[in-house]
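Take a look at this single chain, the form predicted on its own, given in structure tokens.
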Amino acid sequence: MTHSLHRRGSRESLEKDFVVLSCSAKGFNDNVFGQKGKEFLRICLRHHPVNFGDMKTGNFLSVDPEEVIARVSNTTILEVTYDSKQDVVELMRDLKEADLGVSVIISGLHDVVEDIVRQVGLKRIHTREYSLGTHGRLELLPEYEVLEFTTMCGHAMVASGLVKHMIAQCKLGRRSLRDAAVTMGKCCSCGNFNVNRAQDLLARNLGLWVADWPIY
């Protein structure tokens, strides 16, 4: 799940940011994943996700949730985002009991995910992926405060210019924090973008901006 590994932010902020993913395994269950994937999403919806989507259909900020579920196919990738550790704990308990026979991946802070697995009584995590940071021409990157938003979409579909525009719109009172967060979230079709966390980040950034320009 490499595209959700590079989220930036403080520990306090990232402790409220989890992405749970499931997809078929080629040659193993890619002929039956569709029905299992639909059940996976229905279980996920019982635990208050802040965003979710099917990479082939889009996320529920743009598409009716029932349509997202109805269009799950054998070869798609499903991603569900949460802002509560306890919700993920309860989700994993339900998924463990359902025993759907599909791979489930949790993306989050290493020790927090480890504790979730322990609380649910699952076996040790058998595969881990770590972000080694960003290398190359770092001067081309936007400000760190903007990266905290854009890295919540691992496919880079949330443009840094849009983030700055949304902050400015909120600062000028032309949009609510929720509306600005949802506008950005709609760009991330997979459903990785944590709209609740984005609201918190917007609120924090308002204090860093003078009128419509940042003082980073």
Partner chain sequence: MQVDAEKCVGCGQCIPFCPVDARSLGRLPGHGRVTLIIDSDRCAECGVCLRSGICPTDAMYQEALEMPRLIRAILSDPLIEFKATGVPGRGTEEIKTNEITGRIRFGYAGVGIEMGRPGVSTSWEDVQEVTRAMAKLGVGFCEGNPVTHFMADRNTGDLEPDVVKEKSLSAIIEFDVSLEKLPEVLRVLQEITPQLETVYTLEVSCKVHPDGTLPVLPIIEQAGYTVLPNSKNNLGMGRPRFREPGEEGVA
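As the structure is a computational prediction, the values presented were derived from the model and not from experiment. Numbering follows the first chain given and starts at 1.
There is another form of this protein, the form predicted together with its partner chain, and it is not shown here; the text below is about that form.
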R178 within 4.5 Å of its partner chain in the predicted bound form, heavy atoms: no
is_contact(V89, its partner chain) in the predicted bound form, heavy atom dist at most 4.5 Å: no
Contact of H48 with its partner chain in the predicted bound form (heavy atom, 4.5 Å): no
Touches its partner chain in the predicted bound form: I43 (any heavy atom, 4.5 Å): no
Its partner chain in the predicted bound form reached by all of S24, L140 and G161, non-hydrogen atom within 4.5 Å: yes
Residues in 109-143 close to its partner chain in the predicted bound form, defined by a heavy atom within 4.5 Å, in order: L109, H110, V113, V117, L122, K123, R124, I125, H126, T127, R128, E129, Y130, S131, L132, G133, T134, H135, G136, R137, L138, L140, L141
